[in-house]
Ligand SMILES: C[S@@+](CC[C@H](N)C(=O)[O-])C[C@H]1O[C@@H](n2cnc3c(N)ncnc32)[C@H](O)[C@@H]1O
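Shown below, as structure tokens, is a lone chain in the form predicted alone; questions about how it binds or moves come after it.
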Amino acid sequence: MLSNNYTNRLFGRTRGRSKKKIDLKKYYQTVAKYKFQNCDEKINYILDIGTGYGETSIFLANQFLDKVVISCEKYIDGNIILLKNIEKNKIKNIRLHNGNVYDVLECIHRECLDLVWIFFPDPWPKNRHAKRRLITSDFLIKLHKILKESCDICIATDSTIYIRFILNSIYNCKGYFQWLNQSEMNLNIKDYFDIETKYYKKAINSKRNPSLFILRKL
């Protein structure tokens, strides 16, 4: 059962800078309809971490109709957009966790994940904030324990600082994963997936080329 007894704190905003008021009671009532509660042994899951405005979760749900996407995001404004799209398009295979991804990891006790996506996690570029970064070797090893054999983790970022950090994390757990696209000349997301999220477009408009890392469980 999902709990909030995690020891790993996640940082970042839960609301946008807009002063637009939202009905939080109505929001949480809608979240409850799609809330991820526990891990069903009969279901295969995809974990989408830090979904922003929900584009990746919608994409994955449409690509993998036979699986359930766990959309993990604490950003309320983004979740509101995701929920509207779920209901508008009658999508039935998304479950939402409005909070810390470690809540989800701690309630999964078997290898049930077919895929993990982590697109544009907060890079926390300042050195004093480095400990806030999600992707570490310890975190990847946690995912390894609940990822099915030969299944993948896909990580995307446009931050050169975070790229170096991710590379170091991959190296430190090289016995756990094969880096599938290590020898590719181009690590661009569009070479693999036909998706453009808000953060992808923001990177392109700022002339930053997002890189994609694909890790397969050994």
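Residue positions are given as counts along the sequence shown, with the first one as 1. The structure presented is a predicted model; accordingly, all values stated were derived computationally and were not measured.
There is also a form predicted together with the ligand; it is not shown, and the following applies to it.
For the residues 143, 82, 94, 72, the 4.5 Å heavy atom test against the ligand in the model of the complex is passed only by 72. Of the heavy atoms in residue 51, some are within 4.5 Å of the ligand in the model of the complex. Taking the partner from the other structure, the ligand in the model of the complex has no heavy atom within 4.5 Å of any heavy atom of residue 106.
Taking the partner from elsewhere, residue 112 is found to have every heavy atom lying beyond 4.5 Å of the ligand in the model of the complex. When the ligand is considered in the model of the complex, residue 89 lies well away from it, no heavy atom lying within 4.5 Å. Only one segment in the set 168-176, 23-31, 43-51, 59-67 has residues whose heavy atoms sit within 4.5 Å of the ligand in the model of the complex; it is 43-51.
Although the partner is absent from the chain shown here, none of 125, 188 and 213 has a heavy atom within 4.5 Å of the ligand in the model of the complex. If you take 96-110 and check each residue for a heavy atom within 4.5 Å of the ligand in the model of the complex, you get 99, 100, 101, in sequence order.
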